[in-house]
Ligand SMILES: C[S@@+](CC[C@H](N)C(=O)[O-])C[C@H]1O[C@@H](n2cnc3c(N)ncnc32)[C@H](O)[C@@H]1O
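In structure tokens, one chain follows: the form predicted on its own.
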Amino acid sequence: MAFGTLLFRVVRMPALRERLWKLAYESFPRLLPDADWWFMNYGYEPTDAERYQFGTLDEQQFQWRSRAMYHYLAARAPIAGKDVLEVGSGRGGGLRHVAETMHPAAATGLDFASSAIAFCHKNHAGAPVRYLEGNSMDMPFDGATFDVVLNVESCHAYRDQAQFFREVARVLRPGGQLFLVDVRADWNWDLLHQWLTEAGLVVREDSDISPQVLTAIERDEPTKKALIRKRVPFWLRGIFTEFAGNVGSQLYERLKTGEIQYRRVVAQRPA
């Protein structure tokens, strides 16, 4: 618990936060190089109503709850025929799922970790997605290029989140939308809304999905624990337990008490 408390203090410092997450995302693919380990989010347990409205997944797949995080976010867009960008595409599986099942006109993933992009090029070759290394606060795209921007458990790691939202507003076409899920404290959610407004984006939805994330963490706990025990050196297991948000981690405990919240936010660039 002491390490988790320290970690939560560190991530409040923008420069250290950026370096910490970059180190984590550069290191994890080397420690867990499995070709089928496509996701790094905490998972999502859909409600029966969502299963009915947005369809079901193959719940026998490895990491299906992490896949579900993308499915039940992007299905709200809708995606078909749209130009889609994911900022913070990580190991690439989420955007690949969206591209293969929801049929956008084009799908682009952008990530600051070179090892993550290398993983995607190797393991998602042939998928209808292009993966690029780049900076979320200075995106290598012309203005008004995308209809939909996805951001999954990522923007809390950025050094200048206000600039990120300005970049989102710039690359979105008029009427385009940002679909975001993230975990942060109340005061930080207030800041996020402020940054969205200052960027000229209008919030269309703000939903607390903490219960669905907590359920996913609890139900995936045996698999996560077994993987960490099998693949991670003993001296790194505490760090991995915190980053993975396992039961008993600071993230899990604070999410359970409501000290932090996992929310889904949809914001739109005015037409």
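Numbers follow the displayed sequence, beginning with 1. All figures in this text were calculated on a predicted structure; none of them were measured in a lab.
Same protein, other form: the form predicted together with this ligand, not shown, and the subject of what follows.
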Legend entry - Partner contact for Asp147 in the predicted complex: this ligand, 4.5 angstroms, heavy atom: no
Legend entry - this ligand contact in the predicted complex: Met137, any heavy atom under 4.5 Å: yes
Inset, instruction - State yes or no: in the predicted complex, is some non-hydrogen atom of Tyr44 no more than 4.5 angstroms from a non-hydrogen atom of this ligand? - result: no
Legend entry - Trp189: touches this ligand in the predicted complex, heavy atom cutoff 4.5 angstroms: no
Legend entry - Candidate stretches 76 to 84, 121 to 129, 154 to 162, 195 to 203 - the one whose heavy atoms come within 4.5 Å of this ligand in the predicted complex: 154 to 162
Inset, instruction - Work out which of Ile228, Leu57, Met40, Ile209 lies within 4.5 Å of this ligand in the predicted complex, going by heavy atoms. - result: Met40
Inset, instruction - Quick one: name the residues from 75 to 92 with any non-hydrogen atom within 4.5 angstroms of this ligand in the predicted complex. - result: Glu86, Gly88, Ser89, Gly90
